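What follows is a pair of forms of the same protein chain, given separately as structure tokens and numbered structure 1 and structure 2.
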Structure 1
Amino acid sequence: MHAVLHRVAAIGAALLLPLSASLAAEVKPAIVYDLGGKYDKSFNEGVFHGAEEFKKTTGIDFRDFEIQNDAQREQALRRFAKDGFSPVLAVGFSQASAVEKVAKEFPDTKFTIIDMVVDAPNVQSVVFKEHEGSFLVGVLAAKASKTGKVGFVGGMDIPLIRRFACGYVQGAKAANPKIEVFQNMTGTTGAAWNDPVKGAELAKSQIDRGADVVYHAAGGTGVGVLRAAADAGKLGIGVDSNQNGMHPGKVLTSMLKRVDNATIASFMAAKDGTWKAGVTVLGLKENGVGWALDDNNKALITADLKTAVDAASADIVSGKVQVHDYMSDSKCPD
């Protein structure tokens, strides 16, 4: 009896062990967040939610790490690579130089970086066409505005955020050629991502000048923008994740940047063996960006608005409308 059991166990082990070992070697995903941290209600958190969903559907666990200072970027990436994690996902453009360095040291590890392009044979770069999503919310903003004036509050003044602004202006102008768009950037440093007081002030000044819809691309600063718009009885537009629920009925919509989908896609591809290095650009067509419609803003999105935004969306997907990318030439057409 004992011997039989032993044999069965041995066969089972012989069958199962190599299988599980090879599986484990293939996907052991890990995430290194940017300085904003895992629970930033926006960008990093989107990645976290994507990874959670991947865990739910596949049962494969992941590890993650929140860095505390710049020196830890490389340390964390190297540490995960050394422990056999792959793919290692780095969140945010600030990780680029660290990913470049560590990817060279671990040529067999798969690295994925979000929001930046790193050119290496084992790095997958995921970037988004934020201008396309911003175009759509621009259309909505212009259609919803009664004053013919809308606002934009950016976080840190960098090319990436100007890309948001530029797409928004194009969308607003497409919907209403006479629209006036006010633009403000919160600051020039990282602190501009987390200054809700200044965000509220900027939004208020835009509202005082007549804007009745204000779109923000400002991370934590945007909390103040949405608050100010809601307090003044105007409309705000959220960004990155669905922020419609923050002030139900006072947030027109949110420009979605599906970092969660990107995370799932990258991990899934690694699991299925289809993971590829190179640049992945996620636009409207790939469902990488979009606008949010849920119970909180259903009443605000009238049939007229819906038709306009759906038409714009179809035109962008079909290629009939080309939204200009600010980062391609550092210019925004008037």
Structure 2
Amino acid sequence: MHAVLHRVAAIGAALLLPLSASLAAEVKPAIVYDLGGKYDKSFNEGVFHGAEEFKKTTGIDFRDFEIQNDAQREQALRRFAKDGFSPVLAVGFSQASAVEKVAKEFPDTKFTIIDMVVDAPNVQSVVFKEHEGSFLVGVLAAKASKTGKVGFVGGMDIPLIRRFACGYVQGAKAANPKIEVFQNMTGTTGAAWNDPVKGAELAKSQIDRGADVVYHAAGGTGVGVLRAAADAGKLGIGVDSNQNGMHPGKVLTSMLKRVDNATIASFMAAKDGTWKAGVTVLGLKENGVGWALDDNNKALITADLKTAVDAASADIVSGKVQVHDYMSDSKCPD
């Protein structure tokens, strides 16, 4: 009897080995984008590019879904989990409650959320120090401005976007203490991410008041901001993805939020068996944020601007300059 049991146990172990090995290799990544869609030229698109890069490197395909309304978040996450996809990547803070709920229902599925912390044993949360990257483009905006007035257009009026604005103001004032910074938010609902007409109107009103550089952190709405700045012969600043090529010579730079890197890292860790739940914070030091310099804007970035932004970057990385985080303290320094 013992011999039979030993043999059964040995067969069971032998069966388990190839099964677990094949499970480790069989990664089925999926993405649920935020409102605005995967071709928003911004945040969602950065995630899409990361997934495409992962596919190119590994040969492993991914599935994705573009939600049209808030109700679809939970449905899409649940459907991917039911169909055996893992990790399932949720793009944006608005997915938090849906991720929390669906992650409980599917404890064996790995979930990654970008831009919010969800505390669960099978959820990986990736957040960024947007204020650090915004500080850098604030320095560039102030140094490039001829009027001493610059602008900021945010998407949805939430603490996360106030964090961009606050860092931008701090960077601009570090470069020019007398700089004037105009700020507008687009709205208070998810529609604020996808309203280029309103974005253009807000940018025009700031330009009419004298702003000659306008930074946006507004998703798809920012397409209108950059267009309005270019049409007026002023400079825009892009966000999240490198948007310098949208209006070459008219976009001073873009604040890069490396959601592409975060996407690749999550999928690759799942493939390699090193994926971990918990919180990852990506700042300037970790190459999670930065600014874009390429052929489209190199003529705009003078030696003086480059020296100033490099010095600011080094000071932030070393800790000499502390960039105020609006999400920890909502009193943005004057």
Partner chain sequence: MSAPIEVPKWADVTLVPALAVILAFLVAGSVVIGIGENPVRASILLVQGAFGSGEGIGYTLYYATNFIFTGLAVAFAFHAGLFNIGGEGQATMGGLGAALICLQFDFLPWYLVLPLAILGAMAMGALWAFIPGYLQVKRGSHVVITTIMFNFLAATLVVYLLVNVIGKPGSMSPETRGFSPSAHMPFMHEALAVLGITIPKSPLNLSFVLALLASYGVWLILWRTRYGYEARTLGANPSAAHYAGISVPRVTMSAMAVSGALAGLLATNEILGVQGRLLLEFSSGYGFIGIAVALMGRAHPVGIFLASILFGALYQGGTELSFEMPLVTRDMIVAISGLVVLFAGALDMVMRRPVAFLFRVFHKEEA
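Here the rigid core means the biggest group of C-alpha atoms that line up within 1.5 Å when the two forms are laid on top of each other. Just so we're on the same page, residue numbers count up from 1 along structure 1's sequence. This one's a predicted model, so the numbers in the text were calculated from it and none came from an experiment.
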Subject >> Structure identified as the form predicted on its own >> reply: 2
Subject >> Hinge residue among V127, I161, D212, S86, where one rigid part swings against the other between structures 1 and 2 >> reply: V127
**OP:** Would you kindly give the rotation angle of the smaller rigid part between structures 1 and 2, in degrees?
**Re:** 12
**OP:** Enter the rigid core superposed C-alpha shift of A71 between structures 1 and 2, rounded to one decimal in Å.
**Re:** 4.5
